[in-house]
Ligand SMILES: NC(=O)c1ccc[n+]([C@@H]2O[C@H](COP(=O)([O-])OP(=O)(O)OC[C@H]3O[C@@H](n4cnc5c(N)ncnc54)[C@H](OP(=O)(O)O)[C@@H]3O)[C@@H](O)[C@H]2O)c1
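Just the one chain here, the form predicted on its own, laid out as structure tokens.
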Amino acid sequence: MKAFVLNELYKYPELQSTTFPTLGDDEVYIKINASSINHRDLWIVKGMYPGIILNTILGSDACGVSGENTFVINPGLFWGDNPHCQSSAFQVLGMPSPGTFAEHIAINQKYLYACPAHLTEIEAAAIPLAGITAYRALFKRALVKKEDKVLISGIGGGVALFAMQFAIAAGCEVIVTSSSDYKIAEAIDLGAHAGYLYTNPDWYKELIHDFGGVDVIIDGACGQGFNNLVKTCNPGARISFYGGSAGKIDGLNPQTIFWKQITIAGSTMGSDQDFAEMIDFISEHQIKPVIDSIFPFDQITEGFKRMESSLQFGKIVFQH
């Protein structure tokens, strides 16, 4: 079969013929009809991810068919029995296990979920990794509730957009940040109440003036900008972060955090139960993922280039 294989670091995966997968216990073949790229794939290519194994098929997201049924694949494998955190065996599909940038995959049936009826295969393929990350960060770690004021940083990426859509569907007032006026305008068109350029050093002052502060923050960057996020917190606020693309957090004022009773929680992916709940939530609220662009399967490299440009607003999907 054909698949995109990472043969060398710092080079995009290459389309090549590879061995057809063999079935393990409780596994079935899925013919993949659509997949999508995540920053994880790009970070692996750049050598910025632990435990990199060469000659591996990349890709974590997919929608495909087995028999007459269409499924979305949960890419979080071996979560374990503890709902509060993943097991030591936990891994994400697409390294070390062969991923979804292929014509077929062998996958345990317990990781298959019926494609929501209101979605196309292209739309469904955009959900898995970003969707589950956003769902857990928002609902399980930040404990968001109706009418909360929710601040989502770095709008435009897959996780941030899902967090925004989920929060809006849950009845929250959503505020976003970005370095792009265009992305802020797009977010407002999708239902966000307001947006601020985090490149403006006083953006958090403007937010506090306009909204008084926020109850929940979903962040994927951390770094120096994290301090300004804390400044926007109302008493009892919850901050949930799922990434650290801007680096370490320095200079946090502990007095502000304990006096305001602020909770700061890390979040990674989600449990099998979280994934099932997310799919149900998407179906119940008829949520459609934001798609930035669609490329043919043999042009996956163009998708990597699009993501590397940081110009995308929404998910980059591949039609197999």
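Numbering starts at 1 and runs along the sequence shown. Since the model is a prediction, treat every value here as computed from it, not as a measurement.
Unshown form predicted in complex with this ligand; subsequent notes refer to it.
Peer 1: Flag S267 as yes or no: does it have a non-hydrogen atom within 4.5 angstroms of any non-hydrogen atom of this ligand in the model of the complex?
Peer 2: Within the cut-off, so yes.
Peer 1: Taking the shortest heavy atom distance, is N74 within 4.5 Å of this ligand in the model of the complex?
Peer 2: It does not: once this ligand is placed as it appears in the model of the complex, N74 has no heavy atom within 4.5 Å of it.
Peer 1: Even though the partner isn't displayed, in the model of the complex is T177 close enough to this ligand, meaning a heavy atom within 4.5 Å?
Peer 2: Yes, T177 sits close enough to this ligand in the model of the complex that at least one of its heavy atoms falls within 4.5 Å.
Peer 1: Contact between R141 and this ligand in the model of the complex at 4.5 Å, heavy atoms?
Peer 2: Looking in the model of the complex, residue contacts with this ligand do not include R141, since no heavy atom lies within 4.5 Å.
Peer 1: With this ligand left out of view, choose which of C233, I155, L93, A167 has a non-hydrogen atom within 4.5 angstroms of it in the model of the complex.
Peer 2: Contact residue from the list: I155.
Peer 1: Tell me which stretch of 126-134, 98-106, 204-212, 112-120 has a heavy atom within 4.5 angstroms of this ligand in the model of the complex.
Peer 2: Among the candidates, contact is made by 126-134.
Peer 1: Is this ligand in the model of the complex near all of V150, N227 and T263, within 4.5 Å of a heavy atom of each?
Peer 2: The answer is no; none of V150, N227 and T263 reaches this ligand.
Peer 1: Taking this ligand as it sits in the model of the complex, which residues of 92-127 have a non-hydrogen atom within 4.5 Å of it? Please list them.
Peer 2: Residues within 4.5 Å: none.
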